[in-house]
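This document opens with one chain alone, in C-alpha cells, the form predicted on its own.
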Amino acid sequence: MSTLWTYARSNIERTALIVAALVILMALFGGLLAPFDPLKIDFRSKILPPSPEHWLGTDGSGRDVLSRLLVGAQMTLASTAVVLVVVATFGCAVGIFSALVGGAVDNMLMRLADVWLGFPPLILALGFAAALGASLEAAIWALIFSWWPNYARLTRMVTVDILSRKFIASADALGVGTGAKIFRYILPNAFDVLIVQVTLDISAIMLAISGLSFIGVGAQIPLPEWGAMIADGRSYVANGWWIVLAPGLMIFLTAFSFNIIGDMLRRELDPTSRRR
C-alpha cells in the first residue's frame, strides 16, 4: 500500500486507494463487524429507516441492511477474486504455451480466443449461467468461461515480445530449460502488464457478478450479495430507498476506486505511458 500511495498524484487517486482499502477490510472482517444476523427475518422491523439501532435501516423482511452490506462485501469481492485468479492463471498458461509452441497450435488457440472475444463477455456469461442454473457458483463459472481469452491474448502478445529480446537468446545459448525460462524471465517481465489488467478487471468482473445476481441468474435472495440486495429492494424503492441505495453506492464506489487505481498503475508501470 505504501508503494501505491507514492504512485498517487492527486486527491482523487488517494481517495480511491483509501476507499479500496476500506472495502477490502469490509470483505475481510465484515462478518465480525456485522451487528445483526444478515439472514435473520423479523417482519416486525421491516422497512425501518436509518436509525441509531439500524444505521442503514432494514429491508422488506426486517433484515439489517448494514449487516447485509458488510457480509455482502465478503461475498462479492471473494467471488470477484476467485474469477480473477482462475482466469488469470488459466489465460496466462494458455498464452505462454501458445507463444512458446508457435505454429499451427499457436494459430488454433488464438483463433479460438478470437471467436470467444467476438461475443460480449456478459452475454456469454449470461448464457453459461442460465445453462448451469441460477446460483452464485454458476455465475462465477460463467464468468471464468467467458473471461479467459482476454488474458490468453494479452499474455501471448507480451510473451512473444519477451522472447524476441536478447536476454532470451543468451538464456537459450546457455541451455536454460523451458520451465526456468518461464519463471525467471517471462513471468517477471510480464508481471507489470498483468497486474494492471487484473486491477482494471476487478471493477468489470464485480459489476458482472452483481449484474447477473440482479437479473436472477447469480446469487439468489436472501444471500447478501450486493446485486441480489438491489434486486430484493427494488420493490420497496418508493418507501424504502435506503435498501437499494446502500449496495448501489458501494458497487459504484468500489468500481470507481479500482478503475482509478488501475489507470494509476497503468500510468506508472506501462513503459509506453510512464512519466519520463
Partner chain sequence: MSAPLVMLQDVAKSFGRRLLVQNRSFTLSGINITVNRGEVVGILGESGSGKSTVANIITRLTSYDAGSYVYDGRDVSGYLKSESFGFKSKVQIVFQDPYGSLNPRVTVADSIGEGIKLHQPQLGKTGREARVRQLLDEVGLPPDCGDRYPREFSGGQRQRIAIARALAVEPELLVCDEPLSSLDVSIQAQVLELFVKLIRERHLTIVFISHDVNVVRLICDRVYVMHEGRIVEEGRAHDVLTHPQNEYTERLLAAVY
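Numbering follows the first chain given and starts at 1. Keep in mind it's a predicted model, so treat the numbers as computed, not measured.
What comes next is about the form predicted together with its partner chain, which does not appear here.
J.: For the interface check, one of 82-90, 160-168, 118-126, 134-142 should have non-hydrogen atoms within 4.5 Å of its partner chain in the predicted complex; which one?
T.: Checking each option against the 4.5 Å cut-off leaves 160-168.
J.: Is the gap between residue 192 and its partner chain in the predicted complex 4.5 Å or less for some heavy atom pair?
T.: Yes, residue 192 sits close enough to its partner chain in the predicted complex that at least one of its heavy atoms falls within 4.5 Å.
J.: Can you work out whether residue 103 and its partner chain are in contact in the predicted complex, taking contact to mean some heavy atom pair no more than 4.5 Å apart?
T.: Outside the cut-off, so no.
J.: Taking any heavy atom pair closer than or equal to 4.5 Å as contact, tell me whether residue 108 reaches its partner chain in the predicted complex.
T.: No, residue 108 is distant from the partner.
J.: With the partner left out here, check for me: in the predicted complex, does some heavy atom of residue 176 sit within 4.5 Å of its partner chain?
T.: Residue-level check for residue 176: yes, a contact with its partner chain.
J.: Would you confirm whether the three residues 37, 50 and 54 all fall within 4.5 Å of its partner chain in the predicted complex, going by non-hydrogen atoms?
T.: The answer is no: none of the three residues contacts the partner (heavy atom, 4.5 Å cut-off).
J.: Going through 177-200, which residues have a heavy atom within 4.5 Å of its partner chain in the predicted complex? Please give them in sequence order.
T.: The stretch touches the partner through 184, 185, 188, 189, 192.
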